[in-house]
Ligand code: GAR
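Let's start with one chain on its own, the form predicted alone, as structure tokens.
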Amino acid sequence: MVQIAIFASGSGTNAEKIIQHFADVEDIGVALVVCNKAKAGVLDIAERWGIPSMLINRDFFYGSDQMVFELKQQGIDFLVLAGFLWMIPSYLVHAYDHKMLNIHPALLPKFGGKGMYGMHVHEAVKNAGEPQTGITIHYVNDQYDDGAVVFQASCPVEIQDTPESIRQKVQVLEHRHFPEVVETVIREKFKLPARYF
């Protein structure tokens, strides 16, 4: 069984879609939710699904490489960032090299980098007059939104769209594609038999 840890900072809608997706999968499962905000909705989701959660602070995350020890202790094989807003430290990138995926709510390399998260991204897309936006799922390296792209999906941006309506369109793409892309990558990486959705 390949064990996933999901890192999230917010409401956890993507985390929940991934948890749901793997709930009945025999050889891959979500074993841990890691969060950096005590009141984040993702912690309630973890509790509802009976998945252990771990609340971390900056000193713990950046002050040593204890995080790797904790993840290995719990048998975690693969990391998924689902709205996790902290930069991943180099020690963790190296420990899970090409075994960590992030989702970004735009078509990278556009609208990526420091400060580009959540509504900031959708506002920037709107202000730039972009004809389309979408999602990018990519491996994590030690730069913001810079790892190798695994998958992209796009949607049109209409004249009448607001940052909020853009967010809603992008979220539809996130929920549709992220769980399946995570599964596909894990099956290739760990040489698991294919499963048809």
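The first residue of the shown sequence is 1; numbering continues from there. Remember, it's a predicted structure, so these values are computed and weren't measured experimentally.
From this point on, the text means the form predicted in complex with the ligand, which you will not see here.
Taking I88, V125, L71, I103 one by one, only a single residue has any non-hydrogen atom within 4.5 Å of the ligand in the predicted bound form, and it is I103. At least one heavy atom of G12 is located within 4.5 Å of the ligand in the predicted bound form. In the predicted bound form, at least one heavy atom of Q171 sits within 4.5 Å of a heavy atom of the ligand. In the predicted bound form, the ligand lies within 4.5 Å of some heavy atom of Y117. Although the partner is absent from this view, D145 contacts the ligand in the predicted bound form, with a non-hydrogen atom inside 4.5 angstroms. Shown here without the ligand, the chain has A82, G83, L85 in 70-102 lying with a heavy atom within 4.5 Å of that partner in the predicted bound form.
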